[in-house]
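Here we start with a single chain on its own, the form predicted alone, put down as structure tokens.
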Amino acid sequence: MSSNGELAAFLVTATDAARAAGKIAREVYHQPRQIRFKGHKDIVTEADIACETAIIDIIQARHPSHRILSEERGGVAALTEAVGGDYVWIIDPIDGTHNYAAQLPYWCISVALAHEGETVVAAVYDPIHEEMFTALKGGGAKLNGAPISVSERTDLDDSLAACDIGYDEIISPRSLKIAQEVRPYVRRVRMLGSAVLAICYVATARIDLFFHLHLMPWDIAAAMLIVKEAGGLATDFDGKDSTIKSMEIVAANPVIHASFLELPQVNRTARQG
């Protein structure tokens, strides 16, 4: 594991890269854009590619020996490189691309650094609201430099829950069913369209609970560390600690997390199929 000084230097790289990408994305946010489909109902814009290039250029210039796993350039084939070995940067140049393309103001840039398969540095930047969420392994989580922590709410019935459903035609209906089943037990359910941003909102107590059944490493790597360092739990639906290999996440403070997973219909629906 790197020293605290080294991790702090890596965090500077992460925040600089995220801000550089955010500047690019924000400058063309209200302009017409080119959209292409990279999968069923999954899109990419020219801004995704430009942001990804800016992030990678900064990382490679400062840390040429580090490897990179990025949503648009790296692809799923590179996942094995992210779960072992030395340093791997895990990037989502724009999380919430559908929101971005529709000019809905809930999207962000996610940059994480993993060491031997564990996230040690995280930066998530929301350029529209000028918010930078950061975390260092063992060093707490911050929003624009100020410490943050998860909600202290203990009553699931009074909690604000959020979820996203993804693109998988088998898994997405289960996500919607869980939202339907949990709705009577919470105050409200929200769907932001950016899993990364929603998890960060759990870290800063704007949302009490977030769940998702189908994530990729770039969706979870940075936000997972941020919510954990903010005092929250991030697990799968079996209660096992989330890692960058996890496809599921349940993020909340420990009490709300337990109350959610204790609902028998939630786990039963998550395990269907």
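Note that residue numbering follows the sequence shown and begins at 1. Predicted, not measured: the structure shown is a model, and the values here were computed from it.
Heads up, the form predicted in complex with a small molecule isn't pictured, but that's what we're talking about next.
### Query
Just one of A135, V202, I94, A112 has a heavy atom within 4.5 Å of the small molecule in the model of the complex. Which one?
After the contact test, the surviving option is I94.
### Query
Out of the stretches listed (119 to 127, 138 to 146, 161 to 169, 176 to 184), which one is close to the small molecule in the model of the complex, meaning heavy atoms within 4.5 Å?
Contact criterion met by 161 to 169 only.
#### Entry: Heavy atom of K228 within 4.5 Å of the small molecule in the model of the complex
Result no; K228 lies far from the small molecule in the model of the complex.
### Message
Is D219 part of the interface with the small molecule in the model of the complex - any heavy atom within 4.5 Å?
### Response
Because a heavy atom of D219 falls inside 4.5 Å of the small molecule in the model of the complex, the answer is yes.
### Query
Hey, in the model of the complex, does I90 get a heavy atom within 4.5 angstroms of the small molecule?
No, I90 stays farther than 4.5 Å from the small molecule in the model of the complex.
### Query
Wondering, does L215 line up within 4.5 Å of the small molecule in the model of the complex on heavy atoms?
So L215 counts as contacting the small molecule.
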